[in-house]
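Take a look at this single chain in structure tokens; it is the form predicted on its own.
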């Protein structure tokens, strides 16, 4: 098994073979156990089975989980650990849910590692900082980023039902200490790997579905090829 690669297998099987000599942090936007239709995974476990399964997958590692708040509370109870920090991803959609949270368990994110655009670029002091080459202000813990919809540019060629925005995943992994290799047990369409490539983070991913895996590989290879041009 190699770093900076993904594998078409069950994540529990794959994680038992992680290479030694690396510090790992699990970053996961797992199946939400709400009946989504995936190719090879049944998203309908009992509640106890679901949270025991998540604990089994993440046990022994720092973990960053993206989920609805109620599920993160239950996961924290399941593993007996409070998150070090929580950020919120908010979006405008036609669904009852308008946000998800990102909880960092066993690892403290460093929000100074990333920047966001200045809110008042016309302010004289801010304009001066921009002229001096500053990229933006420190990242906050409230991220307003649109979901990936069927008409989104990111959706082109991808059929995964729960595709994450690259910008969200860049922020998730970008504030993790670079000494960690990112492990995504549910790589899906490959967005976590794309974010890691953009943020110069090492990664390993696992995806059960051959269809999703093949498309993720194509996306990852295209991003890696793009990186070599610069």
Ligand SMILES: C[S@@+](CC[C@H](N)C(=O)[O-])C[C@H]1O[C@@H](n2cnc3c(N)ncnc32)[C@H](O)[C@@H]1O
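Given the structure is predicted, the values throughout are model-derived calculations rather than measurements. Positions refer to the first chain, counted from 1.
One more form of this protein should be noted, the form predicted in complex with the named molecule, which is absent from this view; the next part is about it.
Undergrad: Which one, 38, 51, 68, 61, lies within 4.5 Å of the named molecule in the predicted complex by heavy atoms?
TA: If I apply the 4.5 Å criterion carefully, the residue I get is 38.
Undergrad: So in the predicted complex, does residue 10 come within 4.5 Å of the named molecule, heavy atom to heavy atom?
TA: Yes.
Undergrad: Could you confirm whether residue 186 comes within 4.5 Å of the named molecule in the predicted complex, counting heavy atoms only?
TA: Yes, residue 186 is a contact residue.
Undergrad: Looking in the predicted complex, any heavy atom of residue 208 within 4.5 Å of the named molecule?
TA: Close contact exists here: in the predicted complex, residue 208 approaches the named molecule to within 4.5 Å, heavy atoms only.
Undergrad: Can you check whether residue 163 is within 4.5 Å of the named molecule in the predicted complex, heavy atom basis?
TA: Answer yes; at least one heavy atom of residue 163 falls within 4.5 Å of the named molecule in the predicted complex.
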